[in-house]
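Only one chain comes next, encoded as structure tokens, the form predicted alone.
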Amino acid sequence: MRAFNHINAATLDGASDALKRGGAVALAGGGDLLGALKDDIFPTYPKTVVNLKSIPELEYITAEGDTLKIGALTTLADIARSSVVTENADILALAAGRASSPSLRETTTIGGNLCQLPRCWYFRKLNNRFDCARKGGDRCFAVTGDNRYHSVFGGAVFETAPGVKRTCVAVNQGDLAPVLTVLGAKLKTTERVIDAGDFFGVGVLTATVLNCGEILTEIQIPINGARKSRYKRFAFRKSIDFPVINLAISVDGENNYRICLGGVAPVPYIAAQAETLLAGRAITEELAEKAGLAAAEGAKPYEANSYKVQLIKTLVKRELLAF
């Protein structure tokens, strides 16, 4: 690890100002950032690390009226064992309790989990060996390389410089992103409130739509006693592994379904065709199978990751029948 300046931010304004100076990165839990610094994956090594954990009052869980509120620096372990979360958003507690490993959940924050950089091995290669599009380079190496864990719904097109567009097929593998999307969560920042489904994006060294210096502060989840939900993650190892695919489904009292998948597209993928098919209808085995097919509609996998299409069909069908 190279030398860098370290700032213990005392306020959100102070942290935001430090991040806007350039060459600075935010540290929430540290699990993602410290690994990236040790592996020297950045094209330009950060000059300053701004520690957000030193800012008071960003770690809490509370139910206020019809809204569950969680501070962005609340750890996954605290979310997983919170009776308040379990009572009002049980799949969030379930997903938090299955992410990473028991020891890492004690330090990983919900804000850090949502803002983590892509896990693509070209992006994460030691010593910045691959100057990929996601780092401002000219190409996405996974398109013609090893793409067994990459997107089956195409790549994200974004600008690496004004007027210069590139494509990336790395996926969003966050455990909590699909869950918050189907729960209709809103994410509060130092500048605005963003719907969870609109929070994720693709850009140079970013996986969110946050502006430079903008900081996630709170997750707000509407409390709906009539809502039922399911969460499923598929990984090759039971612990530590990021999910190859994860799935969240919620349904309200009028059989309106929300379905979101992670690990299949550059941002959490809302299965809109399956939602439309299911709207207002009671689940049968035939309907669940059709919904699985609809969720995979439009997939254009590579040969190495075509298995994901069958996973989508199977997981959606099984979880719908489990309600």
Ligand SMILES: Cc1cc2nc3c(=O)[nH]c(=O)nc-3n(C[C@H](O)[C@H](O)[C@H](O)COP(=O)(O)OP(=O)(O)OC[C@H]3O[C@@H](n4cnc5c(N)ncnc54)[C@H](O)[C@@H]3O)c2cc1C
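Note that the coordinates shown come from a computational prediction; the quantities given were computed from them, not determined experimentally. Start at 1 with the first residue shown and count on from there.
The same protein has a further form, the form predicted together with the ligand, not shown here; the description that follows concerns it.
Of the residues D39, D32, E289, E59, just one reaches the ligand in the model of the complex with a heavy atom at 4.5 Å or closer; this is D32.
Contact annotation: of the candidates A26, A296, V267, C260, the single residue with a non-hydrogen atom within 4.5 angstroms of the ligand in the model of the complex is A26. Shown alone here, Q116 lies within 4.5 Å of the ligand in the model of the complex, counting heavy atoms only. With a 4.5 Å cutoff on heavy atoms, F153 does not count as touching the ligand in the model of the complex; it lies far away. Contact check for A93: every heavy atom lies farther than 4.5 Å from the ligand in the model of the complex. Though the partner is left out of this view, D241 does reach within 4.5 Å of the ligand in the model of the complex, counting heavy atoms only.
Contact check for A77, V209 and K232: none of the three has a heavy atom within 4.5 Å of the ligand in the model of the complex.
Of the candidate stretches 94-102, 77-85, 221-229, 247-255, only 94-102 contains residues with a heavy atom within 4.5 Å of the ligand in the model of the complex. Along 194-217, these residues reach a heavy atom to within 4.5 Å of the ligand in the model of the complex: L210, E214, I215, L216.
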